[in-house]
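Listed next as structure tokens is one chain, alone, in the form predicted alone.
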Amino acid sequence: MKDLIVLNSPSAKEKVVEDVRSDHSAARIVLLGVPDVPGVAAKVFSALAEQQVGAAMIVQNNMRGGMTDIGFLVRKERLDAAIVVCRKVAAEVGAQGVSFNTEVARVSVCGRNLGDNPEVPAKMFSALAKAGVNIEMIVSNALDITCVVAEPSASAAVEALQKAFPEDLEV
């Protein structure tokens, strides 16, 4: 296993995790039981775009019986508009319903080349599990790994991640 490099060390340019962040500004929406056919996601996100509702962490899961769920985050201040749009599109495409949750938070570890360091997600998810924090959604790219967690668990999640990557976060 590759060791993480200490922040502010002579080799700091090789550090992996640079920061742990949380964001409480998002709400989660899930379109439930959406027909798994081409064009449904285009209808959902085109309708949201027409109402100037941005979406992040878009996740589509495979389900049985030709149906799927589409989940994503919107800013809390745009939730009302998003719900109206999603209920309308859900009725048009024959989806089973729309659920939403405003009691969520995003918790992220940020750094460089995270995709080249398989120990980072393993350590992150293990730290969250050890702290009893359930992960509701996950998204990652080369610069961050973000988990959606229940908002009341966000502080425990941040603390667990700061303890999991102490060498990287030393100032």
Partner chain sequence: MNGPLISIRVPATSANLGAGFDSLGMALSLYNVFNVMKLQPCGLFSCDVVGEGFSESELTSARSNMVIRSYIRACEIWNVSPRGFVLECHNVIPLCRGLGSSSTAVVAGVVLANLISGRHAPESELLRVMTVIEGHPDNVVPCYLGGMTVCCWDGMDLRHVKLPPLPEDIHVVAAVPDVQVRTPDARNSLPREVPFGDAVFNLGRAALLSAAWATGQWDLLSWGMEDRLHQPYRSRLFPGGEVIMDRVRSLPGCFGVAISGSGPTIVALVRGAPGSVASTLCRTFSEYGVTSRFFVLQGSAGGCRFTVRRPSSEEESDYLIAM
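Everything numeric here is computed off the predicted structure, so don't read it as measured data. Numbering follows the first chain given and starts at 1.
From this point on, the text means the form predicted in complex with its partner chain, which you will not see here.
Chemist: Thinking of Ile83, Arg87 and Phe100 as one candidate spot, does its partner chain come within 4.5 Å of a heavy atom in every one of them in the predicted bound form?
Modeler: Yes.
Chemist: May I ask you to state whether Ala156 is within 4.5 Å of its partner chain in the predicted bound form, using heavy atom distances?
Modeler: Contact check for Ala156: no, nothing within 4.5 Å of its partner chain in the predicted bound form.
Chemist: State yes or no: in the predicted bound form, is some non-hydrogen atom of Gly65 no more than 4.5 angstroms from a non-hydrogen atom of its partner chain?
Modeler: Within the cut-off, so yes.
Chemist: Quick one: is Ala56 in contact with its partner chain in the predicted bound form, heavy atoms, 4.5 Å cut-off?
Modeler: Looking in the predicted bound form, residue contacts with its partner chain do not include Ala56, since no heavy atom lies within 4.5 Å.
Chemist: Quick one: does Leu32 come within 4.5 Å of its partner chain in the predicted bound form, counting heavy atoms only?
Modeler: Flag for Leu32 set to yes.
Chemist: Within 4.5 Å, heavy atoms only, one stretch in 42-50, 110-118, 57-65, 138-146 touches its partner chain in the predicted bound form. Which?
Modeler: It is the stretch 57-65.
Chemist: Can you name the residues of 133-155 that have a non-hydrogen atom within 4.5 angstroms of its partner chain in the predicted bound form?
Modeler: In sequence order, Ala150, Pro152 come within 4.5 Å of the partner.
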